[in-house]
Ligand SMILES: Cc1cc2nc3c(=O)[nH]c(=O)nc-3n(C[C@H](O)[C@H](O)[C@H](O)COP(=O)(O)OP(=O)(O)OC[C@H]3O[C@@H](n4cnc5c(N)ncnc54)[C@H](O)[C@@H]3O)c2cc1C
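One chain is shown next in structure tokens, namely the form predicted on its own.
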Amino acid sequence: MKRSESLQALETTEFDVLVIGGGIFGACAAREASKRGLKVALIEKRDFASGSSSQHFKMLHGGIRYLQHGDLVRVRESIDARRFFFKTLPHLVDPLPIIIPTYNVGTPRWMLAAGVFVYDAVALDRNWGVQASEKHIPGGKVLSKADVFEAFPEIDQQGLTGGVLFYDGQMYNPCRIVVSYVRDADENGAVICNYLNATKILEENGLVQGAEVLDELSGKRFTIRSKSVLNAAGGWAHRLINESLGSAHSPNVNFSRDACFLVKRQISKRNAVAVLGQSKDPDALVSRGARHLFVVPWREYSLVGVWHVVKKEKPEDVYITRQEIETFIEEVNAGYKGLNIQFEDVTISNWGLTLFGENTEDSKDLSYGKRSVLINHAKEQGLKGLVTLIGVRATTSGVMAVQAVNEVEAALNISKSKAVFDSTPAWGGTAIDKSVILSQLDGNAVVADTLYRNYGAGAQDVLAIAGRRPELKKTIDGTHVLAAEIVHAIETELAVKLVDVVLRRTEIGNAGCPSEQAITQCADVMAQVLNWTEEEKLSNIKELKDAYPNIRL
């Protein structure tokens, strides 16, 4: 992908569908549409995965939580949705064992165990088509008190009766997942561009014509012509419609700020633990009395969350304070007294806007969003050619992409084609012998594994760059990331800013702020490739540093 070529194509081509929004839902929709043979454009106002798609809890939910709502349809949808990732990008996902401790007060162990066993029965096909056995989601089981204590020695033993174990999925690098689906769309003919802001959806006589856009890098404005528009702009989606077409066409949606944080130690190297928080689920038919918080191993860290607060602000105006983080820490420490997390342990906090249920801003026991919003505006308001998709959970992006493209085809008055979904791997998702990667890195197993985890079969593209320029085989200070990955991001993945590379193309900075030396090394490589002036380099360094910490003190 080259941005200059994309811009030229966007100005001169009429597309079947213009996808607005380069998060996980837009990326999956562009992939699905392009693989079905549609002429696709995908644009993003900032960078790919720069919103909620990079800020969530990194879990792939298989739907076990929806049993307590009696929502078997959503349970089945979630099982299929989770499997989508394990089939298309197996190197970027893993099974995640989760332990729920039980006590002599609250929901008894037998009831939770019954739920796990019912779920496993409903999810018998959960590993269908997943090739690598190490990526299979195992069944759950009942744990003794000794089992739970062995997994979490600091847990409160008073009244502990044991627990249950179930499995979900986890993303290794959410940004790489989005970029991989974007690249797959590109390889299937989609025209892709970041930092291209859709300022207005165009319509004439009740028919969508495309969109006016602003190039955020050059300041140029132009029109993209398209027979349909798929609005997948997340927290901006309803605002774009309201500003372009008026409130009559805008969906009535609510969002919460979902927040979590990362601490620089592993509570457990393998198992996640569910901890009772202090809020309840008002929609649950069967409930333990309080929602669960989770402490989850992720790389060499522990991820802690999730907390929900209803927000009405624009996504760019949402933030989190130190006081809020300290309150979160108090709550999780109260639920698991052996944790003893301190504010100084936090390396980074993440938050994004998530579609939510009907709540007031002062609600404590919040109602979750139950379904993604998918609107064919021709059916709803008579506006032909506009489809809106606002996703409720990243896990469902593949499933919702299929449904959204079905609606696009209906808007285009063409016969519904066969869904692609998880029938083929995404970019990097094909099988590769890891020893091939290791042999080209002089036996450095840690670097080889990191490269494989982020790129899969696409690691060969990175190694080809390192082969041409051996100096790029060096790792960035304090990381296992090759300098060649920076060049790869610029040449093939539309990285134009330092923040793109550090936060969203590599794993250099998505667990916390890199060292000064690492930032300088990255900036020097980018400056050389992109011919930056010293002023441009320093500006990019400042922009990156301004992104840390993600806590407003």
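Heads up: residue numbers just count along the shown sequence, starting at 1. Since the structure is predicted, the reported quantities are computational estimates derived from the model, not experimental observations.
Just so you know, the form predicted in complex with this ligand exists too; it's not on screen, but the next bit is about it.
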>> To verify the annotation, which of these, Lys497, Arg36, His56, Arg65, has a non-hydrogen atom within 4.5 Å of this ligand in the predicted complex?
In response: His56
> Out of Val208, Val481, Val387, Ala394, which one falls within 4.5 Å of this ligand in the predicted complex, going by heavy atoms?
Replying inline: Ala394
>> Under a 4.5 Å heavy atom criterion, is Gly429 part of the interface with this ligand in the predicted complex?
In response: no
> Would Gly398 sit within 4.5 Å of this ligand in the predicted complex, counting heavy atoms only?
Replying inline: no
> Any of the heavy atoms of Ala233 lying within 4.5 Å of this ligand in the predicted complex?
Replying inline: yes
> Are any of the heavy atoms in Ile486 no more than 4.5 Å from a heavy atom of this ligand in the predicted complex?
Replying inline: no
> Three residues, Arg82, Ile99 and Gly163; all within 4.5 Å of this ligand in the predicted complex via heavy atoms?
Replying inline: no
> Heavy atoms within 4.5 Å of this ligand in the predicted complex: which of the stretches 8-16, 21-29, 539-547, 525-533 has them?
Replying inline: 21-29
> For 340-354: residues with a non-hydrogen atom within 4.5 angstroms of this ligand in the predicted complex?
Replying inline: Asn350, Trp351, Gly352, Thr354
